[in-house]
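As a starting point, one isolated chain is supplied in structure tokens, in the form predicted on its own.
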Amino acid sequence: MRTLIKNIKELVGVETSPKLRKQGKEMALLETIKDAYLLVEDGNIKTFGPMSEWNGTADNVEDAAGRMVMPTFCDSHTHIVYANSREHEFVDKIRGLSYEEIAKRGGGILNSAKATAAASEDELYDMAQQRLEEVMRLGTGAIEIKSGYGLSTESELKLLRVIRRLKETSPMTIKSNFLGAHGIPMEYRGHQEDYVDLVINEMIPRVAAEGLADFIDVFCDQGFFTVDDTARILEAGIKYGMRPKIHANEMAISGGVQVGVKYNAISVDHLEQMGDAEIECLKGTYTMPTILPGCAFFLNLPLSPARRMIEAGLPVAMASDYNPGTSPSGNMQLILSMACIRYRLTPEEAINATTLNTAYAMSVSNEVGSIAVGKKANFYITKPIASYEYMPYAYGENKVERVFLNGKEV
């Protein structure tokens, strides 16, 4: 089946020599073709070029009618399998309570864990499926989903089985992440090493036995898991074939970046607190620094020094952190805008940060994240807009008109 998208005003994010990621000055490079066509065959990108050069045939023809075509967003950090919203904690934050204070009294992650334990797998699946549909309509085509609202073996397995069902039923490219070390259950407070033992000796082997996780993650931060805890968990996960990812430096400079690099993490995420040592540690590595603008916005946290990281030659990715407590939105159009408005990325850098580099942060940039021959035909057609700069500029408006995943409109 060959589908032609013709009369594209501008085809954005094309790669004739595909890269797995862009870093430093490369992030400002965004190749486009004006008055273009895109040919899809059997779900993949077959070819593309100026409309004047098209002379082939297609089974199906879609007229972009002067609209832009762009690669779908890749969201490499979400927690969308959860049972309850937490707007009451939102009010607590307005009244002055910190994230740590809410967590210490049994709120935050522990609150979501209680609701998750009470929900059935079917209920969790239905709620997560609705959230997937929502972000897909806004232009997201690939997503990483973490567990972490279980905090017990059976609840963590339940969450990961829901993610597996979503993989099987959604047209989106989905990666699963085992985050049993997301919080410390109340019964383990004061002796959290016993909970770490549970994660290592019971949870990880059972997750691996069912093949439920692509990645293993740890919340390595002040008030959560230590560098030593993190190292132990990552070592155990690696033995079972799970590649590390890290939550790091949201509350404080925690050593999470360094331990992530030591264990070849595909990404270190959050990074609201970053010093020169952390930036230097990331240079020359395969680890993607991933910033979560929605979390910093919602919690009023310091902004990660994205501009300084890029100027130091690092790559930067931007993801949503969609979750019920600290970033209750998966709108990657909004993240694109925040990348420019709050972090001072150019539109070109921001587009690369939310497509190719976030694809890299979930190990799928060889499949998605740009318009390149052989990659999945994951793209969206915009509403009539003047330029790709309008995408981050019009921050309150949905600019996506039609979404195609695996070459089919969804």
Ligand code: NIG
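Numbers for residues come from their place in the sequence shown, where the first is 1. It should be emphasised that the depicted structure is a prediction, and the values quoted were computed from it without experimental measurement.
Same protein, other form: the form predicted in complex with this ligand, not shown, and the subject of what follows.
C295 is the sole member of C295, V196, V259, A128 with a non-hydrogen atom lying within 4.5 angstroms of this ligand in the predicted complex.
Proximity to this ligand in the predicted complex, defined as a heavy atom within 4.5 Å, holds among N249, T326, S304, T287 only for T326. Here the chain stands alone, but in the predicted complex its contact with this ligand, taken as any heavy atom within 4.5 Å, falls in 316-324 among 154-162, 316-324, 115-123, 228-236. The closest non-hydrogen atom of I109 lies within 4.5 Å of this ligand in the predicted complex.
The shortest heavy atom separation between H77 and this ligand in the predicted complex is within 4.5 Å. In the predicted complex, F73 stays away from this ligand, with no heavy atom inside 4.5 Å. In the predicted complex, at least one heavy atom of R86 sits within 4.5 Å of a heavy atom of this ligand.
Along 146-168, a single residue, Y149, places a heavy atom within 4.5 Å of this ligand in the predicted complex.
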